[in-house]
Ligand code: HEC
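Only one chain is included here, represented as structure tokens and corresponding to the form predicted on its own.
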Amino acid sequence: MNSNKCFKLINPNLNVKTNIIYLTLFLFCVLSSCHKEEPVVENDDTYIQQLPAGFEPMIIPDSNQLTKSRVALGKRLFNDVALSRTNEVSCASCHKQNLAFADSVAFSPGVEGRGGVRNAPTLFNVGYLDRLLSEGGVPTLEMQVLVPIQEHNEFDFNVLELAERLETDPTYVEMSQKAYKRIIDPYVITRALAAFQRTLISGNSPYDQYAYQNNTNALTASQKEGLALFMSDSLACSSCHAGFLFTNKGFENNGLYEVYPDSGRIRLTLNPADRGKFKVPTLRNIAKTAPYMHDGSRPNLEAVINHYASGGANHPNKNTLIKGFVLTETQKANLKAFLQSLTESD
């Protein structure tokens, strides 16, 4: 197979399902060239993952267990504009650390100022997620990075050409050998970035201190009232934003529009029942990740609360739990205060 045909994967003129098929083929191509034996890792390279109280163990592939050298390589790649064709943008350009690895605009610009098509989500705790991207079409964190690399409006590059570019950098050559005992190639690039992202863990918010660390004073009286509202049947927030991640990892239509400009998960499944459905986002560090929704159409938490209070727009696929509710201004303030308690400052 001609390598350019095999690896020029993401085409903006194709639907998401077709592109995901190409992406899967790419992964097969990469894996088929991999060594079957894992490199021996020195003991002093072991990375000890410290999880917050209340967090479940993270499932990490045997082929990409965390080491200090892998995480360091992934961190360098994450912050390097060399990953984009024009050397303009990096992963960190759209996922800013001071914004909980999200962005402050509805659509983050890619190479040559091209506008993105989805709001950049936080990457905190992304190592716990499966069915990545808003449609859920990418099954592993290792595969995810191939999408922005190839995407016309993001990095607009080819991962083979990227590897060739990085091979000219002696630092990358050395770091790759130390981390994976092989040259800096697509296998290394995808796995190192996944390794780094699995270290982005957030679980020490005031809510965590209250719920998991037995600190009854970690939440204010207002935040405790907001927590009760959040968990109530009348609001049903916790039905979708559940568990320690504050997401059920599912896909829902939340009544944002009667007609969705972005059709959502149907682009992957071609199932009409999935029109207007998007991956349920985590609410952790939500005070840092405005604007909200898949298209960044809600500028602040007040607008989000008002949307759900209104019951949303009529759409046949809207989640039946979204019926609207009535809150006093004090109750709205309490609910907002609780949501802000999910943000940590460490």
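Residue positions are given as counts along the sequence shown, with the first one as 1. What you are looking at is a predicted structure, and each value in this text was computed from that prediction instead of being measured.
There is also a form predicted together with the ligand; it is not shown, and the following applies to it.
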Answer key: of L99, L227, L256, A218, within 4.5 Å of the ligand in the predicted bound form (heavy atoms) is L256
Of R165, R76, R275, H241, the only residue with a heavy atom within 4.5 Å of the ligand in the predicted bound form is H241
(request) Would you check, heavy atoms only and a 4.5 Å threshold, whether L321 touches the ligand in the predicted bound form? (result) yes
Any non-hydrogen atom of N119 within 4.5 angstroms of the ligand in the predicted bound form
yes
Even though the partner isn't displayed, in the predicted bound form is H95 close enough to the ligand, meaning a heavy atom within 4.5 Å?
yes
| request: Considering only heavy atoms, tell me if Q197 and the ligand come within 4.5 Å of each other in the predicted bound form. | output: yes
- request: Check, residue by residue, if M58, K68 and L245 all come within 4.5 Å of the ligand in the predicted bound form, counting heavy atoms only.
  value: no
Testing 209 to 217, 166 to 174, 180 to 188, 102 to 110 against the ligand in the predicted bound form with a 4.5 Å heavy atom criterion leaves exactly one stretch, namely 102 to 110
Across 149 to 168, the residues having a non-hydrogen atom within 4.5 Å of the ligand in the predicted bound form turn out to be N153, E154, F155
